[in-house]
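Take a look at this one chain, the form predicted alone, written out in structure tokens.
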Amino acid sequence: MIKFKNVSKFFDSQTVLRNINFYIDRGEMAFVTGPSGAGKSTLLKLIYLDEWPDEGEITVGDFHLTSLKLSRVPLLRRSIGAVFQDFKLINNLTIFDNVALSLRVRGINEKDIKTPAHEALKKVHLRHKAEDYPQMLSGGEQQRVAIARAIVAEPMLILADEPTGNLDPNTATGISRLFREINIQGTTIIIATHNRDLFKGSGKKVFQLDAGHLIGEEVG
């Protein structure tokens, strides 16, 4: 599903990632951990080509990223859902429209948007908040909206970058549980986090980064 082979990334003279090798199978849930500046966010950006590798090979599903034509990058990104620490919701859109936007940018016909958008909100237990606005919700609820937006198009892969970084421990536990529920339904998920509580006892792969190097792989 996702394969990194001898992947390196440099910014000017700085090494951000060096000779990274790992494999994640379809339907797996895995974690990338390490201190700030370890390269976690950059690794995720390489997967959806917000950044391009300087060395090595990356495969995501049927996409070979190193040789991928620019014209096919949008196709890759449409198959990936992304969740961020700062939610990235649009404040002047309702919760429904924030989720529906993920379908609209894909060119989905408007009559085919209502049902999947409401279903995605139902999965994150926010169907009753569809007509509210982001500023009316708690931080945990806003993150659940961001997750609904990520899953509404049924992507093959979800990438989450510090998805609980701005949340209290109890809310973070709920978000972690929600990701596990989504994974059980068959979606591949990669979560970048410095919070060991998210993967402790999970039984999932944990890749440890430090200063751009993959220094270990363990089972959480």
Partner chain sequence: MAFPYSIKSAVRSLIKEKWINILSILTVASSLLIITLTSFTLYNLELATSRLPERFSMIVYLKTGISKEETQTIINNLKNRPEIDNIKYISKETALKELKQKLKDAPYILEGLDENPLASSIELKLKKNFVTESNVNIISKMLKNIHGVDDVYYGEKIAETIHLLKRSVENISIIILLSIAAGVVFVTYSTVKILFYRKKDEIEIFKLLGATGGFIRTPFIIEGSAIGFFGGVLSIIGALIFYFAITYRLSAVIPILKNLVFPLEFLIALPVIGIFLGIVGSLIAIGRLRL
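Numbering follows the first chain given and starts at 1. Quantities reported herein were computed from a predicted structural model and do not represent experimental measurements.
Just so it is clear, the following notes concern the form predicted together with the partner chain, a form of the same protein that is not shown.
Asks: Taking the partner chain as it sits in the model of the complex, is Q142 in contact with it (heavy atom to heavy atom, 4.5 Å or less)?
Replies: Q142: no contact with the partner chain in the model of the complex.
Asks: Given that the partner is absent here, does F63 sit within 4.5 Å of the partner chain in the model of the complex, heavy atoms only?
Replies: No - in the model of the complex, heavy atoms of F63 and the partner chain never come within 4.5 Å of each other.
Asks: Residue-level question: is E131 within 4.5 Å of the partner chain in the model of the complex, judged on heavy atoms?
Replies: Result no; E131 lies far from the partner chain in the model of the complex.
Asks: Does at least one non-hydrogen atom of S138 fall within 4.5 angstroms of the partner chain in the model of the complex?
Replies: Judged by the heavy-atom cut-off of 4.5 Å, S138 is well away from the partner chain in the model of the complex.
Asks: All three of F84, L89 and R149 touching the partner chain in the model of the complex at 4.5 Å, heavy atom to heavy atom?
Replies: Every residue of the spot touches the partner chain in the model of the complex.
Asks: Could you pull out the residues of 39-77 that have any heavy atom within 4.5 Å of the partner chain in the model of the complex?
Replies: Residues within 4.5 Å: Y48, D50, L70, P74, R77.
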